[in-house]
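One chain comes next, on its own, written out as structure tokens in the form predicted alone.
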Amino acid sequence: MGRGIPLNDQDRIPWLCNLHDMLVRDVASGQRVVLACSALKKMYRDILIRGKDGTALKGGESGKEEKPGEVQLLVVHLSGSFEVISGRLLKRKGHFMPPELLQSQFETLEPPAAPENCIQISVDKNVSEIIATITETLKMK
């Protein structure tokens, strides 16, 4: 991305699998985890929840199937217009994501929707309002 080349699925999937493994490890150790990432496609969010395969694993001696390490995920989709996000991106200094790649991000985006566990919050809200909305949603879950 730093070279102005958008990432593709082959670039993203190993990274998402590593994030999934970290989420499973941290949740299994009793931690509550917040992960910020641009999981632009439903497939990417599915990998974060279930890992790359997302299929049942064969159990041990019982022969029963078990789900692979799966995490409960609340997707917080921060939505905004291209113009607003572009304006903010142009103000960043030293960020790895050049503004020229924003269009490719919008083209790749598959906004989360039911039945995904998700909420959508406008980036037009201030940070305090965004945090309050997320916190209230988590209290209800």
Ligand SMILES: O=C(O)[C@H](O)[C@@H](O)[C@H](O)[C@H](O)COP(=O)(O)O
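For clarity, every value in this text was computed on a predicted model and none was experimentally measured. Each residue number is its position in the shown sequence, starting from 1.
Unshown form predicted in complex with this ligand; subsequent notes refer to it.
> Only one of 36-44, 23-31, 109-117, 69-77 gets a heavy atom within 4.5 Å of this ligand in the predicted bound form; which is it?
That would be 36-44.
> Indicate whether this ligand has at least one heavy atom within 4.5 Å of a heavy atom of residue 134 in the predicted bound form.
Outside the cut-off, so no.
> Does residue 52 reach this ligand in the predicted bound form if we count a contact as any heavy atom within 4.5 Å?
Residue 52 lies outside the contact set for this ligand.
> I'd like to check something about residue 7: if you look in the predicted bound form, is any of its heavy atoms closer than or equal to 4.5 Å to a heavy atom of this ligand?
Within the cut-off, so yes.
> For 90-105: residues with a non-hydrogen atom within 4.5 angstroms of this ligand in the predicted bound form?
Going through 90-105 in order - heavy atoms within 4.5 Å of this ligand in the predicted bound form - the hits are 92, 95, 96, 97, 105.
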